[in-house]
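Single chain ahead, written as structure tokens, the form predicted alone.
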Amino acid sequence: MKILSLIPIIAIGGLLLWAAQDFPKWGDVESPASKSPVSSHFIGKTGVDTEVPNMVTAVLADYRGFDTMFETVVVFIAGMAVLAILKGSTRGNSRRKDHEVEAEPDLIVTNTVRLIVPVIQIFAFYVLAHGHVSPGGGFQGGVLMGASFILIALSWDLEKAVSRFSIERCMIVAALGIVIYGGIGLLSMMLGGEFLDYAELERVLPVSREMARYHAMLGVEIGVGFTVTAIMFALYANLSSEGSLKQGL
């Protein structure tokens, strides 16, 4: 069976490698993506429209803000679905014990983690806060922050990590991220614009329309970061413990 499974893998892999030869060279200005009217508009107008140096973030959080908002909602719903399934599957069922190991946390590991977790979390805040002016953003910062709590669970145990960031608190933070994102859109409507029309925030911010979009994108990134952080850790906590939130890996 393993040999039979290997045949389609090799065939598909070879097909992908063969198709990759048709890709344009990296940075080719004559590539279809670079010559399209949409790309030309983003390249030429992003800085003028949004005052955001990071074109990628401007496209994600401004030009296609609806899509990014619903991506965040999908992350939230997926997390809730996994938690609901695992909680339901543990009722009345005995939990497997074969992967649990009774051991005291290693002194060197825990003290090393005690030193590096604050650094990881500060860097996560930096990536989140600078996502609209440099590489980064809410998704990247949220992953870093969630990973810091997972590192605590791996170094000590899951219960210690959950005591720092409980699953109930995870759900509140995840929902708050959606509220922040959607709330900025609703505020734009209340000020006379369209949903997620950040420029309308100039009415409540002492800045120009372009800078209002700049600052609103930071708020959007914070909302995304909240949801990604909470759902990432909640998924790990439940998957590693089969929904019991004890022991873990």
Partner chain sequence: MTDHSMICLLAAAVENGEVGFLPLKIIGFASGVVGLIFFLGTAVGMVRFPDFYTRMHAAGKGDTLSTMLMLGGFGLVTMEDFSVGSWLLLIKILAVILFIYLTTPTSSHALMRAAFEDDEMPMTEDDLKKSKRKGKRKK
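Residue numbers count along the first chain shown, from 1. Computed from a prediction, not measured in an experiment: that's the story for all the values here.
Below: the form predicted in complex with its partner chain, not depicted.
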query: Non-hydrogen atom within 4.5 Å of its partner chain in the predicted complex for each of 168, 175 and 195; finding: no
query: Any non-hydrogen atom of residue 125 within 4.5 angstroms of its partner chain in the predicted complex; finding: no
query: Contact of residue 112 with its partner chain in the predicted complex (heavy atom, 4.5 Å); finding: yes
query: Non-hydrogen atom contact residue 179 with its partner chain in the predicted complex at 4.5 angstroms; finding: no
query: Partner contacts for 15-52, taking its partner chain in the predicted complex and a 4.5 Å heavy atom cut-off; finding: none
